[in-house]
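One chain comes next, on its own, written as structure tokens: the form predicted on its own.
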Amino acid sequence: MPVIGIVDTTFARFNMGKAAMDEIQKHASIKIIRRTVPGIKDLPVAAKKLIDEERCVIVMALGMPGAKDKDKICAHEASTGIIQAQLMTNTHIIEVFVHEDEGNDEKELAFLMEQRSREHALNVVKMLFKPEQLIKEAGTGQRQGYRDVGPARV
């Protein structure tokens, strides 16, 4: 049976890992291994360890970069590390970041963090068990956390 890895952070202001696990368990009976690290720069190695040591077939890396310029630089570095870990392991690591300044207030930020976590968790289920569904959604302007925008019209 395939194993899904989830790694999230203590820096995030919402329990993104819990939301992702809950959503996966609604749609699939599958083993999930969860790890939590301090911040987003710790996500790449934690995700790689889930793949290498726990034999996860896919991993979700969830985190909340802060709102400052240096936080955006850290998010870029973490994202680069996640890409490198994917290439080193030939395994998808679904990056789920919500920047602290994406929400206009705390309520909107929490909503966005939950929705993005859940919608990407559903993408993980589709990637593993329903890849044809993702093919049907190609080019449809899906947005995780926000309202979908639909396809571009000519």
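Keep in mind that this is a model prediction, so the values were computed, not measured. We number the residues from 1 along the sequence you see.
Another form, the form predicted in complex with a small molecule, is not on view; read the next lines as being about it.
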Next on the checklist: When the contact criterion is heavy atoms within 4.5 Å, does E114 count as touching the small molecule in the predicted complex?
Outcome noted: no
Next on the checklist: Is K130 part of the interface with the small molecule in the predicted complex - any heavy atom within 4.5 Å?
Outcome noted: no
Item to check | Contact test in the predicted complex: G39 vs the small molecule, heavy atoms, 4.5 Å | outcome: yes
Item to check | Residue contact check: N15 to the small molecule in the predicted complex, 4.5 Å heavy atom | outcome: no
Item to check | Contact check for A20, I33 and T89 against the small molecule in the predicted complex, heavy atom at 4.5 Å | outcome: no
Next on the checklist: Please pick out the stretch from 89-97, 45-53, 24-32, 103-111 that is in contact with the small molecule in the predicted complex, where contact means heavy atoms within 4.5 Å.
Outcome noted: 89-97
